[in-house]
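The data below hold one chain only, encoded as structure tokens and taken in the form predicted on its own.
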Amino acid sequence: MRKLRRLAENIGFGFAVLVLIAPAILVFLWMLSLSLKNELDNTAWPPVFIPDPPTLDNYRDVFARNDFLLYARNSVIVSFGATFLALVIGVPAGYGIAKMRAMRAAALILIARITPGLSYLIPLFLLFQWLEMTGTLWPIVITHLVITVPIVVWVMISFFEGLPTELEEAALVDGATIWQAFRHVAMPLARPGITVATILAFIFSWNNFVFAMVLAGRETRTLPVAVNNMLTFEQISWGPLSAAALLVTLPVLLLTLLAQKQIVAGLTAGGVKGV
């Protein structure tokens, strides 16, 4: 009976996981199918799921209509820059909030995280226009901090709260300053949390579309804008649109697959207090 119960629990768990991830898998496979078919098959009824024959013309169209390498370089610069600055600001901020138990500051960070980015866009755009920074990558990097800093701070608060205080107290007793205790004791212990915060901040920065669409010039557009360039007034070209979306999604997808163990380990470690 115990083996049957365990088998039933495993089957039930597997079915629940399948129900949760099936829509995402189906959408991804459908995008892949659209990118490998011509427009006649993409608009056919009933829908054609398996390309016959598959074609790479949609991917060639994406590279022909966009300076894809330039957009990729801009996305790399913006995402890495915004993630690095978010870590420099967010990790010490998360440590300070966690150790001082500043719940109001934590609530403020949460409000900043859930506030739509459009709320910041108009005043920031006017500021960058006044500073004559429009047309460069700096406005996009700075506006992405609105997204990345709250993520890093909120993740690091939970990790620093879960660290044992005895180690830091021992360092302070031995004559270390609070900065030395943070740098040499807290940060090495919170390395899984820093890894998770880095990955999440990079993903959210890479996928952001609104800020780049409004603030970027012709030479400073990022990859999500390349997807928007596939839309025309005459019709929606589903093949090139899906091909561009897959090319933009591929780096983030590979990063998530390669770092999934670190993400799970980091989130698990952050959820266990006193470990």
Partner chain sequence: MSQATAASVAVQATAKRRRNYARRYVWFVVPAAVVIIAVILFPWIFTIYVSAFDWRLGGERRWVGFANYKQLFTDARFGWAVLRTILYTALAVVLPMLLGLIAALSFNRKFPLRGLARTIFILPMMATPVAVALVWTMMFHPQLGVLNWLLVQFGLPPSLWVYSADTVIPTLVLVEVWHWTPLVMLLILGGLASLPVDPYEAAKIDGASPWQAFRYITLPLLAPFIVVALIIRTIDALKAFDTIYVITQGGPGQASETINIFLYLQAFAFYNVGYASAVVVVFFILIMGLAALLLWTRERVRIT
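Here the rigid core means the biggest group of C-alpha atoms that line up within 1.5 Å when the two forms are laid on top of each other. Numbering follows the first chain given and starts at 1. As the structure is a prediction and not an experimental result, all values here were calculated from the model.
If you look for the form predicted together with the partner chain, you will not find it shown, but the lines that follow are about it.
Undergrad: Tell me whether F63, L131 and V196, taken together, all sit within 4.5 Å of the partner chain in the predicted bound form, counting heavy atoms only.
TA: Judged in the predicted bound form, none of F63, L131 and V196 sits within 4.5 Å of the partner chain.
Undergrad: Consider P53 of the chain shown here, and say whether it contacts the partner chain in the predicted bound form, taking contact as heavy atoms within 4.5 Å.
TA: Output for P53 is no: heavy atoms all beyond 4.5 Å of the partner chain.
Undergrad: Against the partner chain in the predicted bound form, would N58 count as a contact residue? Criterion: heavy atoms within 4.5 Å.
TA: No, N58 is distant from the partner.
Undergrad: Can you tell me if G217 lies within 4.5 angstroms of the partner chain in the predicted bound form, counting non-hydrogen atoms only?
TA: Output for G217 is no: heavy atoms all beyond 4.5 Å of the partner chain.
Undergrad: Whether P116 contacts the partner chain in the predicted bound form should be assessed with a 4.5 Å heavy atom distance threshold; does it?
TA: Answer yes; at least one heavy atom of P116 falls within 4.5 Å of the partner chain in the predicted bound form.
Undergrad: Across 23-46, which residues bring a heavy atom to within 4.5 Å of the partner chain in the predicted bound form?
TA: If the 4.5 Å heavy-atom criterion is applied to the partner chain in the predicted bound form, 23-46 yields P23, A24, I25, V27, F28, W30, M31, L34, T43, W45, P46.
Undergrad: After superposition on the rigid core, does the Cα atom of F209 shift by at least 2 Å between the shown form and the other one?
TA: F209: C-alpha displaced by less than 2 Å between the shown form and the other one.
Undergrad: Superpose on the rigid core, then tell me if the C-alpha of V48 is displaced by 2 angstroms or more between the shown form and the other one.
TA: Comparing the forms between the shown form and the other one, which are aligned on their rigid core, V48 does shift its C-alpha by 2 Å or more.
Undergrad: For L26, state whether the C-alpha moves by 2 Å or more between the shown form and the other one after rigid core superposition.
TA: Superposed on the core, L26 moves its C-alpha 2 Å or more between the shown form and the other one.
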